[in-house]
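One chain follows as structure tokens, the form predicted alone.
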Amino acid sequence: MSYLSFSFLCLFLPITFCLQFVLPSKGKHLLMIVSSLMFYAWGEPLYVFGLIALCALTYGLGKWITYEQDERSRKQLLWLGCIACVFLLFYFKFDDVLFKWIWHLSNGQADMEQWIMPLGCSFVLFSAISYLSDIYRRRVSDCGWLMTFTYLTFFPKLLMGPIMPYHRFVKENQTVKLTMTLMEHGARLFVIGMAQKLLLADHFAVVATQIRLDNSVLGVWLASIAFTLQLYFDFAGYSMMANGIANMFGYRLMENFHHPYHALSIRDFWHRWHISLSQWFRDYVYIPLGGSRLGRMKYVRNLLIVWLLTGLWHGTSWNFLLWGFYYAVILLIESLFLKHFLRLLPKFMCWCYTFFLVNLGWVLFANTDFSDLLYQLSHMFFLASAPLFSSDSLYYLQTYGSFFLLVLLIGVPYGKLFITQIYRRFRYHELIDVILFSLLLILCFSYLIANGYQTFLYTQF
């Protein structure tokens, strides 16, 4: 079930929202578990039993780790759980590659069923590893099966995150406190996220598709920037909707995006983009490997391991490994050579440097076909016999250039602060606020009815 489907917006969300007012405080976690399983079963009726089994096994293993006194045995149990999760993740991620390999070896004679990767597989399994690790480190005490199942199945974050650490989820949500302020804040977040997805991300998707047909240098650059903006508003919009839904039910999730395209370095960018994934790899891979404490060579090794794993997490195609290696190299260069130099540059130059590298990174990310990647890069950097611009690319620049710039300016904190300061000067700004959000919601529904919606890009991961 998608957040933008009418079955979710008109049936599932209103009914579940109303039910929470009938149940006592202790029943809210149970309601969330049942509704989350129904939410998952709507799109994955077979795999919902696998999700229940994963929750039960993870909880049982966590209880075993909790009551085991021998430290060596506790560590072995943790490794058992983590290896099982990683095996499942790699099995479903590499199922397509394995299927093709066996098919090729058997000359097309092998008769085997190819499994489809369950929705949200990466996010759920990473959450399970977080649960087991936090139990092993005694960051939290035993909170019971209700809290464990709520954490692993929580439908606002089930399909695309954020991958909130278990100890933080428990701290924020062990006691559900539903207030009017929180519900109002959640509703606003949901509407803004919905608008980002429908009115911006899906619009940029259409623009990127149209411009990609142009083979001039300007056209290829405009197509890459359109995809860069599409990916951000698609994923950030989803994350904002997820946080909004959680708030509407009295829960709190962590922020997953913090103006990433305002970053002044690649290191800064990864502190702002998909924050939950970056922190997960930092807490459960990078720091356990030793981080930067064990000397320069091991720091280089650890960074390469983390970013190659990050690439593999996104997919089995070679371009994701290349994308991970690309960021590992840039972060190493920044850390070892450019850290002090970047501080001396004007902020605008740092922003240009960062946005250029991020945009180039998304070109690697988007092209799973090597010939398509070479085609786009060769046109971007004048390595192909392509015209500098064309009549179509000039038309796209004239039509969408100001829109691109406006979106970038509004998306940075300074732009939002400037708009907010002007807006707060109105005498009846609270009433205007309600009217504007109501109109935005109507606009989103109108767009949804007229045009439908495109699938969220990160559902494939």
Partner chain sequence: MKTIRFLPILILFLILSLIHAICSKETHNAWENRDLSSYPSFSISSFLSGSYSEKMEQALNDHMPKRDGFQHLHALSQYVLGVREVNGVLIGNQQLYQKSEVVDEIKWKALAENLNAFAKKNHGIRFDFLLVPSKSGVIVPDHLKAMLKQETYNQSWFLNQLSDDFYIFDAKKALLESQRNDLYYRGDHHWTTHGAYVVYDAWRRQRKLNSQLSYETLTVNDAFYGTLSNRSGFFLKDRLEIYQSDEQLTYLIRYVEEQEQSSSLYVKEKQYSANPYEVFLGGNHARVDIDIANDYNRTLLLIKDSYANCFVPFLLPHYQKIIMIDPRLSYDRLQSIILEEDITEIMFLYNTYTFFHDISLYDMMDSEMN
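Residue numbers count along the first chain shown, from 1. Just so it is clear, the model here is predicted, and its values are computed rather than measured. If you superpose the two forms and keep the largest set of C-alpha atoms that fall within 1.5 Å, you have the rigid core.
In what follows, reference is made to the form predicted together with its partner chain, a form of this protein that is not presented.
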Which of 66-74, 36-44, 23-31, 52-60 has heavy atoms within 4.5 Å of its partner chain in the model of the complex?
36-44
All three of Val124, Asp369 and Gln376 touching its partner chain in the model of the complex at 4.5 Å, heavy atom to heavy atom?
no
is_contact(Glu255, its partner chain) in the model of the complex, heavy atom dist at most 4.5 Å:
no
Proximity of Ser141 to its partner chain in the model of the complex, heavy atoms at 4.5 Å
no
Mark Gln210 yes when one of its heavy atoms lies within 4.5 Å of a heavy atom of its partner chain in the model of the complex, and no otherwise.
yes
Heavy atom to heavy atom, is Met180 within 4.5 Å of its partner chain in the model of the complex?
yes
Using a 4.5 Å cut-off on any heavy atom, which residues of 383-400 would contact its partner chain in the model of the complex?
Ser391, Asp392, Tyr395, Tyr396, Gln398, Thr399, Tyr400
Is Ser378 one of the residues whose Cα moves 2 Å or more between the shown form and the other one, with the core superposed?
no
Quick one: once the rigid core is lined up, does Asn367 have its C-alpha move by 2 Å or more between the shown form and the other one?
no
Core-superposed C-alpha of Ser224 shifting 2 Å or more between the shown form and the other one
no
Can you tell whether Leu345 sits closer to or farther from Gly401 in the model of the complex than it does here, judged by CA atoms, where the change is 3 Å or more?
farther
Kindly indicate if, in the model of the complex, the C-alpha atoms of Phe348 and Ser402 are closer or farther apart than in the structure shown, bearing in mind the change is 3 Å or more.
farther
